[in-house]
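We begin with a single chain expressed as structure tokens, specifically the form predicted alone.
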Amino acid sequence: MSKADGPSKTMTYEKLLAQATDRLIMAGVTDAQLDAWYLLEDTFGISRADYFLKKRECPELIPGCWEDRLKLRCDRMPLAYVLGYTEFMGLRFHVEPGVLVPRQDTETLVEWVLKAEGELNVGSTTNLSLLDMCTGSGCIGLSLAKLGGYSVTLSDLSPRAIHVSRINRGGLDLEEQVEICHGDLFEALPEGKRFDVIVSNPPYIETAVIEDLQEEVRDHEPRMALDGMEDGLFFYRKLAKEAPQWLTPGGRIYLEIGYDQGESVPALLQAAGFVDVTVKKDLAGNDRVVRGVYPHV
């Protein structure tokens, strides 16, 4: 923590939370009350149970970073950047400006891989090899390594993403299980490498739409992790075309998609020779993940 101010005789935990909530509401922050709580919890190290016991008490010290953090969130910096971490699949991931903030919607992909691949490989003693392309923070691939026990390769073009994914690999104690490659899509990989499963959450937002996104996304998250070019399908075309040569016979690909790409992305996979192409919806009922199988040749 940074410098701390002296004790306040009037500023209780309850008042701190109420004032933070009001300021976030005035700043137009969605879920202002929840975000105010997360800021209070992390900055003061107070649990929800302790808060209800002590909410009318005054903290001995008000950390100097309290006001700094609150101002950053009022300026619409994503909460995960302000805190320096977020939760994904029950695991904690370090995040910072320059990498995409993990979303709950993306858990749909991870859950599907764990379930489908687990059922497909019941009784197998062979450890699945998995590639997480456009890994960002590493949340998809590292979650699958931690929860599924897979041998995983993470890949990204962004130096910041490589830096953050390495931090998260170490934080989850997965150094021996996870390899990290830096480069442009499949060019980053060692020649001759093959994977049983490829997963990716590539940039898929149409360039013209980015300016209409929430301020947190538009003004703070990395454009290269969002921009899917003119029609949002640029990276899906490349993945559909190039993935087969990196898959083992019968290998599977799982791609996160935008809510309106449930027909266009499957069509690209089918045109590239993938079979059994299916789409899974997220908890909100939107098309979210496409799966395809590359047949034996």
Ligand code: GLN
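From 1 onward, residues are counted along the sequence shown. From a predicted model like this one, the values you see are computed outputs, not experimental measurements.
Another form, the form predicted together with this ligand, is not on view; read the next lines as being about it.
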| task | Name the single residue among V113, I162, L128, L100 that comes within 4.5 Å of this ligand in the model of the complex, judging by heavy atoms. | result | L100
| task | Choose from 138-146, 168-176, 184-192, 68-76 the stretch whose residues reach within 4.5 Å of this ligand in the model of the complex, heavy atoms counted. | result | 138-146
| message | Against this ligand in the model of the complex, would T153 count as a contact residue? Criterion: heavy atoms within 4.5 Å. | response | no
| query | Would T108 count as touching this ligand in the model of the complex under a 4.5 Å heavy atom rule? | reply | no
| task | Indicate whether A80 is a 4.5 Å heavy atom neighbour of this ligand in the model of the complex. | result | no
| said: Can you tell me whether T86 touches this ligand? I mean in the model of the complex, with a 4.5 angstroms heavy atom cut-off. | reply: no
| query | Of 175-210, which residues get within 4.5 Å of this ligand in the model of the complex if you count heavy atoms? | reply | N201, P202, P203
